[in-house]
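This document opens with one chain alone, in structure tokens, the form predicted on its own.
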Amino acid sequence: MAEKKHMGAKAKSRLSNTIIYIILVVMTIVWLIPFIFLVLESFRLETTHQVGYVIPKQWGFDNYIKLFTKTDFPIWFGNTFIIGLVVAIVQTIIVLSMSYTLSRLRFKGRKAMMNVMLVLGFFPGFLSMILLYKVLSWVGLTGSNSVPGLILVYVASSGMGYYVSKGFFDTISRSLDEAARIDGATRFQIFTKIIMPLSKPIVIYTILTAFMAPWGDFMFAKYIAHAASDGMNVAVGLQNMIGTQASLAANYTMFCAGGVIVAIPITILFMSLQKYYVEGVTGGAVKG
């Protein structure tokens, strides 16, 4: 009887797992279909217009060549890469420092500060767009000079994103800090030589999230860059390339080629570091 129940439980488990796998496969296919269409459209040569079929009749790399030779795409891509790289480095340092401070130190006003930052995080960032634009305009960081302006805005409130990192640091035993303090180590030495080597997943998670946010930003980047092509990121530049009906008809396939190129770096980065990304999320999902 017990053996029959065990076999029945295994059969149910296999059935449920099969159903879950089927659902995941279907979801993956649905998610990949738009990207596959984008890739196919980027190689289409017979016309630059939108068409009602998927498989191109003529294939080639002309759209990619024109994208780099007849548009400012290299400038847009370079701007985006610089913004993402600087923001990833600076924001990671700020976030991890703030998270370690709130996780390990106890000081007056700590709870109040955490609550204030939590409440402020509920408000969408676009509420401050007009004020931020005015400030950046006064110091000349809009239009052609929007790249340093965007970097400044992206890293300005980095400390408020401490939640996941702090949760990860809370899982690391405080006895390590206490033992190091007894041996004469400073807080900075504990943070850099003891905590950081044990926190590789959350470090990579923070770098990835910090890099991906400005990589795909459109609304604020569009607002700050205006029509200055040399100050645009890839999202704004590609949208500007198909901003009218006439330009959409003339540049649609180049737009698709640009979308493919933009997706490649972030896809490779995410897939190669996916393991640490998941560990960082799950490790930081604790009550702190």
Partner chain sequence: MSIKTNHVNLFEDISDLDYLGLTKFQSLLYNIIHFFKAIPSWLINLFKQIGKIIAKFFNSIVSDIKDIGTTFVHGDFKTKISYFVMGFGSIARGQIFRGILFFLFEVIFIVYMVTTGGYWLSKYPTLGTVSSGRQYDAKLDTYVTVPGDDSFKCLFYGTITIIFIICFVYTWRTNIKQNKINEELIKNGHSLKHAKDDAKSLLDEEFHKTLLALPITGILLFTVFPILFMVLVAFTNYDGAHDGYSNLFTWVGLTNFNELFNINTGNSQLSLAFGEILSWTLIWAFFATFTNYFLGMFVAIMINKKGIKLKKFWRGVLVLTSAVPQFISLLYISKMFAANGLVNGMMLRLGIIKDLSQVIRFWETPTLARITVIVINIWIGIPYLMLITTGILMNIPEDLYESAKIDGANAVQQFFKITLPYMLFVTGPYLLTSFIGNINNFNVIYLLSTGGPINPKLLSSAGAAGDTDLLITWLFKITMGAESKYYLASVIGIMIFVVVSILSLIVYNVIPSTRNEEDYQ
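All figures in this text were calculated on a predicted structure; none of them were measured in a lab. C-alpha atoms forming the largest set that superposes within 1.5 Å between two forms make up the rigid core. Numbering follows the first chain given and starts at 1.
We do not show the form predicted together with the partner chain, though everything after this point is about it.
*Mark Ile130 yes when one of its heavy atoms lies within 4.5 Å of a heavy atom of the partner chain in the predicted complex, and no otherwise.*
Yes, contact at 4.5 Å.
*asked:* I'd like to know whether Pro197 contacts the partner chain in the predicted complex, with contact meaning heavy atoms within 4.5 angstroms.
replied: Answer no; every heavy atom of Pro197 is more than 4.5 Å from the partner chain in the predicted complex.
*May I ask you to state whether Leu118 is within 4.5 Å of the partner chain in the predicted complex, using heavy atom distances?*
Contact with the partner chain, yes.
*Heavy atoms within 4.5 Å of the partner chain in the predicted complex: does Met160 have any?*
Result yes; Met160 sits at the interface with the partner chain in the predicted complex.
*Contact at Val54, Thr101 and Val234 by the partner chain in the predicted complex, all three, heavy atom at most 4.5 Å*: Yes, the whole trio is in contact, each within 4.5 Å by some heavy atom.
_Looking at Met114, Ala179, Ile89, Ile75 here, can you tell me which has any non-hydrogen atom within 4.5 angstroms of the partner chain in the predicted complex?_
In short, Met114.
*Would you give me the residues of 236-258 that have any heavy atom within 4.5 Å of the partner chain in the predicted complex, in order from first to last?*
Read in sequence order, the residues that approach the partner chain (within 4.5 Å, in the predicted complex) are Leu238, Gln239, Ile242, Leu248, Tyr252, Phe255, Cys256.
*Ser157 C-alpha shift between the shown form and the other one of 2 Å or more, rigid core reference*: No.
*Any CA movement of 2 Å or more for Ser97 between the shown form and the other one, core superposed?*
No, Ser97 moves less than 2 Å.
*asked:* Aligning on the core only, does the CA of Val26 end up 2 angstroms or more away between the shown form and the other one?
replied: Moves: yes, 2 Å or greater.
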